[in-house]
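Consider the single chain below, provided in structure tokens and representing the form predicted alone.
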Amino acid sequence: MGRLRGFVIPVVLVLLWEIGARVGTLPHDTMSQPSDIVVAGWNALLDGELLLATWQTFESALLGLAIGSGIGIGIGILIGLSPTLEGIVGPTLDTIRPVPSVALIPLALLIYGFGVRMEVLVVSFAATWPILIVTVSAVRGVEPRLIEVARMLQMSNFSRALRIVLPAIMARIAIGIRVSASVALVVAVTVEIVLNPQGLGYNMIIAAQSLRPELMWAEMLWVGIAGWAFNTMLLTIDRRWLRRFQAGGVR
């Protein structure tokens, strides 16, 4: 019963929206009606248009997230373990990090043209920084005695990172990945709205330009639903697999 209370406000807002649109209080050419939005979304699902756009957007978002996470975790562990290395590469990273990811769109377009690779380049750049910052902080928070034990055992830097540091920081890395996942989805949709002719962002622009507000709203709501499902999947992975990895370590 407690969970149902969370639906009270959304249901009330949808009912008021439907009533307002039907009586003419809300402009029909921009707000449409929730019932029309549901029908438009259902039709887009049935003809495969929405599913294809979803696949295109998530393909770019997931590839960019994977690349960004790999770069962020790798560099983050190295910097966290080596203050000397941080002094060398830190100023360069601090110079690059404030660059907005969307500012790379012209460069990505020049390199790859339209398509998945262009979008992945921009997304991976944006997804790198949250996980990089979290990883550096997590490595520095590792129990110093664990590092001392690894040194006494004369473990190599790679073995130390893989067997000691990585299991100890996986819980915090998971948080960084969830943050980067949200960033990756936002940037993917943004690139599609701005330039790339594919995916959910592009479909929303086409629906708006075609004066089909009900389809535009349906696709916008679908982005939210897909993002929620993606975040839920990451939470499930964290709870069922990641904590076992952290407890057992890498063997």
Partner chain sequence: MTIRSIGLKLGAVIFAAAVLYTWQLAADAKLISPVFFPSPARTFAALGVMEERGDLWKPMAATAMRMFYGWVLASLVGMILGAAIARSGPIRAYLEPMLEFLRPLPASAIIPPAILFLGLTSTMAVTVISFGALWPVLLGSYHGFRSVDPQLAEMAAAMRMKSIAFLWKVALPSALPDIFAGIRVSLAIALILAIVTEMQSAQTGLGFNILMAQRSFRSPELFAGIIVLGVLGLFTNQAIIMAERRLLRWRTFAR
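Predicted, not measured: the structure shown is a model, and the values here were computed from it. Residue numbers count along the first chain shown, from 1.
Although not depicted, the form predicted together with the partner chain is the subject of the following passage.
Of the stretches 33 to 41, 183 to 191, 46 to 54, 59 to 67, only 183 to 191 has residues with a heavy atom within 4.5 Å of the partner chain in the model of the complex. Contact with the partner chain in the model of the complex, defined as a heavy atom within 4.5 Å, holds for exactly one of A174, L104, V134, L81, namely L104.
The contact residue chosen from V23, L15, I9, M233 relative to the partner chain in the model of the complex is I9, the criterion being a non-hydrogen atom within 4.5 angstroms. In the model of the complex, at least one heavy atom of L109 sits within 4.5 Å of a heavy atom of the partner chain.
In the model of the complex, the partner chain lies farther than 4.5 Å from every heavy atom of V142.
Although the partner is absent here, V116 sits far enough away that none of its heavy atoms falls within 4.5 Å of the partner chain in the model of the complex. In the model of the complex, at least one heavy atom of V99 sits within 4.5 Å of the partner chain. Residues I193, V194, L195, M204, I205, A208, P213, M216, W217, M220 are the ones in 191 to 220 with at least one heavy atom within 4.5 Å of the partner chain in the model of the complex, listed in sequence order.
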